[in-house]
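The chain that follows stands alone, in the form predicted on its own, written as structure tokens.
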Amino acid sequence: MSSKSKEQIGRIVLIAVLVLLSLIIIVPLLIMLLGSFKDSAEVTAFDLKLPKKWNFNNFPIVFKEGKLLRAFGNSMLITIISTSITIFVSSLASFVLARRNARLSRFLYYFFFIGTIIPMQIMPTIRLFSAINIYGGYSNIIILYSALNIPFSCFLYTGFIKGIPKVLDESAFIEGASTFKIYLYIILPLLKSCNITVLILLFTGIWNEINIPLYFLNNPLKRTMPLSVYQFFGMYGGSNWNYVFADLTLATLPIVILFIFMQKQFISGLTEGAVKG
């Protein structure tokens, strides 16, 4: 068998494996989406058949009973602020780490690496936030999300910034620009694709996260979308799966819209970071 034939066979096998892996994700999503338009009896089949009658009234019922408007606002507030803080802090820190070849910079780089490995300890963190009197509010969960995501974001930004020529920094420095101005007006605009990649990763992770809000938000009025889905499942999961699927569909809709509009920049950011890193 020629090398060309082996290459074609390998490519076919790879495509088949990718299709099967895609189906593992796509099929449950289709069951959820179609089930959100079915009635309570038809949805129990959990199949891919189209609804006999499209019940669009499932969504207004879910929106009202699940109090999704408040939960949506809470999730947007927490996710946007946490993501913005993480992107700004990690990109600025990575600029320094990538440009300064000193022992302290290398130490901090590996220090951030440790942050991606060590898991968060829930009870000590709760005691800490209680001691400084921020436990249960928006601020404690925003700080926590930012702290958890900064280490990984620094790795992405550092690899990307290392591929940006240092001559740009030196030219601006000669012209009298400060370090922060070099970051703000030269480096940050060049990080557009990397910013979008980090944005999608952070937005998706924070929006879908349930454990941290479950432990660190003690006020029902501050619950996020995943907590709303969790509570709604407890109310209707045994009998009305059509409502549960409609609730899940509404909860995942912002992530789907974000990825649809930014998928090209997301993919280019990953590939550019891989090449430059």
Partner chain sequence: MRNKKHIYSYALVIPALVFFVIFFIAPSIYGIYYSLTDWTIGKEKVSFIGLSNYKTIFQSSELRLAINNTFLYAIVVVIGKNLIGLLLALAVNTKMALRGYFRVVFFLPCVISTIIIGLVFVPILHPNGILNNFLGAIGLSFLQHSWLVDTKIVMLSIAAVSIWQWSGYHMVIYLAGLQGISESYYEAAKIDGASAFKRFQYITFPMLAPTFNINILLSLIGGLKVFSEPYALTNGGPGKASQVIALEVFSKFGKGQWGLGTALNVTLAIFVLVICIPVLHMMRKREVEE
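Residue numbers count along the first chain shown, from 1. This is a predicted model, so every value here is computed, not measured.
Not on display, but discussed next: the form predicted in complex with the partner chain.
When contacts are judged by a 4.5 Å heavy atom cut-off, Phe261 does not count as touching the partner chain in the predicted complex. The partner chain is not shown here, but in the predicted complex it comes within 4.5 Å of a heavy atom of Phe46. Taking the partner from the other structure, the partner chain in the predicted complex has a heavy atom within 4.5 Å of a heavy atom of Ser146. Among heavy atoms of Pro51, none comes within 4.5 Å of the partner chain in the predicted complex. Residues from 124-138 that approach the partner chain in the predicted complex with a non-hydrogen atom closer than or equal to 4.5 Å are Pro124, Thr125, Ile126, Arg127, Leu128, Phe129, Ile132, Tyr135, in the order they occur in the chain.
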